[in-house]
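Just one chain follows, in the form predicted alone, and it is written as structure tokens.
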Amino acid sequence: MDQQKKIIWQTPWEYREGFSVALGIALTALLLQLLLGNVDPSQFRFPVNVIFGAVFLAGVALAFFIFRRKAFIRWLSSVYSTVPAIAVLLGVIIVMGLTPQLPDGTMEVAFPENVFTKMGWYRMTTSWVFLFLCFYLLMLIEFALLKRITTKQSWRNIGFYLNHTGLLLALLGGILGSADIQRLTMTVKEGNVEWRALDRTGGLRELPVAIELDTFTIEEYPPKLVVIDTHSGKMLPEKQPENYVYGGVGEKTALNGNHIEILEYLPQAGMVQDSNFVNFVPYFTEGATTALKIRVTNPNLKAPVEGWVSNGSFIFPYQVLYVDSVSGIAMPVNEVKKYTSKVTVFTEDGRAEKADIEVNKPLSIENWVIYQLSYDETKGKYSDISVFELVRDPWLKIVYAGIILLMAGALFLFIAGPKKRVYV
């Protein structure tokens, strides 16, 4: 009789039912999303998230031990429920990857209200659909762990325990810890020390770390030349704009039918002009611009056109060399190659640490990660202001612990290899 019940249970409840349950959970969460909007993470900060996580794990464990002999619980701890749950969650993550994800308070400015904003597409990590599916998957992972613990033990279970425990820690720590993440913006002027930063609401916060900006430097790529439509300002040809990257005095190039020769290059230049005359001279003071003297010829010109081209600065205007009544040679703003803040960071215990902070090269100190965010773009390479983003995630160690366990589990499975069958 028991065998017959088992067969009846296993036959209908497989992957099809798994997708039905996962999609049903997603649909239920979508209705809540449309009714209530995104979840407010600030409502789940410490200690609320810790209590919620403990109650969730304890509740799942209690449900397992009370109903573990039920066929439905056995199905929930099998691949028939787990694989569809992962597939549906992966679909949500793909949507997240294809749509811009905006911080709280900025979506209303970036996008008008529409069906996609109501569905939480632009703040997916705080949407009901994402959270419901994540906690459903967490429940399945815990069921699978408890099922394996209560069955016959083997040394080969070590890899299973490492992988599932690591995934449980990483996913749970990432979800619950998101409410405790602090993201602050600090603006520091050269020679000054700053210990205050702004949160996302514009509130001023005093921090346990202070930053002194010693120097701020910008490295730029060589200047470029482009042909523009002098009426619209668009680069030509419109479908596939052409550009020339400066390589040295005396070089020749062709842009949109114009033959251009580089006559002179001033990386540090100042403009001298009157009503009829424009010239550039060496200028080694803050606010200097980049200038190229060029000669332009094309079949439609009676004589070559010669003059200066510059991208300007916060002191000097840009300069275009007009070729004819509809086109001219212009120099776009030099692209930034790298910008670096040389800083001294002070901590509450009196420690001072010097460091160079760059984009993709942050500084970690006192549980804070300091990123190079921006600078005074109106001054460009002469900016004496650096903008930093300071991030603190107290749950990051739990997430890292989960990732380490996942890696250890993968390494164990690689070393142990598949279980060998013995044929008699």
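Note that the coordinates shown come from a computational prediction; the quantities given were computed from them, not determined experimentally. So that there is no doubt, residue numbering starts at 1 and follows the sequence shown. Think of the rigid core as the biggest set of C-alphas that the two forms share within 1.5 Å after superposition.
The form predicted together with a small molecule exists for this protein as well; it is not shown, and the discussion that follows is about that form.
Colleague: Is L140 a contact residue for the small molecule in the model of the complex, using a 4.5 Å heavy atom cut-off?
Modeller: Yes - in the model of the complex, heavy atoms of L140 and the small molecule come within 4.5 Å of each other.
Colleague: Please determine whether K224 contacts the small molecule in the model of the complex, using a 4.5 Å cut-off between heavy atoms.
Modeller: Because no heavy atom of K224 falls inside 4.5 Å of the small molecule in the model of the complex, the answer is no.
Colleague: Consider F160 of the chain shown here, and say whether it contacts the small molecule in the model of the complex, taking contact as heavy atoms within 4.5 Å.
Modeller: Because a heavy atom of F160 falls inside 4.5 Å of the small molecule in the model of the complex, the answer is yes.
Colleague: Residue-level question: is V88 within 4.5 Å of the small molecule in the model of the complex, judged on heavy atoms?
Modeller: Heavy-atom contact with the small molecule at 4.5 Å: absent for V88.
Colleague: Go through 335-343, 91-99, 313-321, 148-156 and give me the stretch that gets within 4.5 Å of the small molecule in the model of the complex, heavy atoms only.
Modeller: Looking at the partner contacts, the answer comes out as 148-156.
Colleague: The small molecule is absent from this chain, but in the model of the complex, do R123, T125 and A179 each have a non-hydrogen atom within 4.5 Å of it?
Modeller: No, none of R123, T125 and A179 comes within 4.5 Å of the small molecule in the model of the complex.
Colleague: Looking at S77, T187, T117, N298 here, can you tell me which has any non-hydrogen atom within 4.5 angstroms of the small molecule in the model of the complex?
Modeller: None of the other options qualify; the answer is S77.
Colleague: Though the small molecule is not shown, can you say which of I228, A144, L207, A170 has a heavy atom within 4.5 Å of it in the model of the complex?
Modeller: After the contact test, the surviving option is A144.
Colleague: Establish whether a shift of 2 Å or more occurs at the C-alpha of T185 between the shown form and the other one, with the two forms superposed on the rigid core.
Modeller: Shift at T185: below 2 Å after core fit.
Colleague: Align both forms on the core first, then report whether L140 has a C-alpha shift of 2 Å or more between the shown form and the other one.
Modeller: Shift at L140: 2 Å or more after core fit.
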